[in-house]
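The chain below stands alone and is given as structure tokens, in the form predicted alone.
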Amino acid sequence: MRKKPLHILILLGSAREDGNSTRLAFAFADAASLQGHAVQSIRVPALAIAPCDGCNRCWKPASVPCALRDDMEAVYPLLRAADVLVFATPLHFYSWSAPLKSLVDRFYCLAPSRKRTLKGKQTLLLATAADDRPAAFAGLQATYRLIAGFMGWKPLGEVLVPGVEKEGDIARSPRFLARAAALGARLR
């Protein structure tokens, strides 16, 4: 008996609409869609999301879920409804893109000790870098893994693609596109 389709939310961190990390995410999305899963993507740089200012008002009962009022208000319900969260980002100075980092920082109000938690979500990390050294991803991987542990997520995998700088360079790396697609095809 087949399980019900998963709801997958892809958070696209690239400012390039057809950037390498976006193409990597779409390889994953296409395979997941073929398995019958519902896939939605958000271009994070197109949103107006302020960085967390550490005010801690989200820890008071009246705040729902964050005191800051911006496009993140529309993202929170999508995060809660998703079974799988996919972070797709180009490597920017050895970490997330700035727009994606601002969004991730706003998960603070959804920490596992809160009733509005994202605990138990399945997650994936898809990233590309101009740097051709696989070690360039160490900072991003550490951050992602620490956040996943803190939030109580279940990481499903990572696809990290070095040496892709110009838009479209990922087409020269079909094995990485295939790895992303394989993760999408394996979702259950």
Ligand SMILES: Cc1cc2nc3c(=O)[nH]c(=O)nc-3n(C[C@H](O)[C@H](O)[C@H](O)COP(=O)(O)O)c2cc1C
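Residues carry their position along the shown sequence, with the first being 1. Just so it is clear, the structure is predicted and the values come from calculations on it, not from any experiment.
Missing here is the form predicted in complex with this ligand; even so, the following discussion is about that form.
Visitor: Work out which of the listed stretches, 148 to 156, 123 to 131, 41 to 49, 28 to 36, brings a heavy atom within 4.5 angstroms of this ligand in the predicted complex.
Guide: It is the stretch 123 to 131.
Visitor: Any chance R179 has a heavy atom within 4.5 Å of this ligand in the predicted complex?
Guide: Judged by the heavy-atom cut-off of 4.5 Å, R179 is well away from this ligand in the predicted complex.
Visitor: Please tell me whether any heavy atom belonging to M72 falls inside 4.5 Å of a heavy atom of this ligand, as the geometry stands in the predicted complex.
Guide: Result no; M72 lies far from this ligand in the predicted complex.
Visitor: Considering non-hydrogen atoms and a 4.5 Å limit, does this ligand approach L91 in the predicted complex?
Guide: The answer is yes: L91 has a heavy atom within 4.5 Å of this ligand.
Visitor: Might V164 be said to contact this ligand in the predicted complex, defining contact as any heavy atom within 4.5 Å?
Guide: V164 belongs to the contact set for this ligand.
Visitor: What residues, if any, in 9 to 26 have a non-hydrogen atom within 4.5 angstroms of this ligand in the predicted complex?
Guide: Read in sequence order, the residues that approach this ligand (within 4.5 Å, in the predicted complex) are S14, R16, G19, N20, S21, T22.
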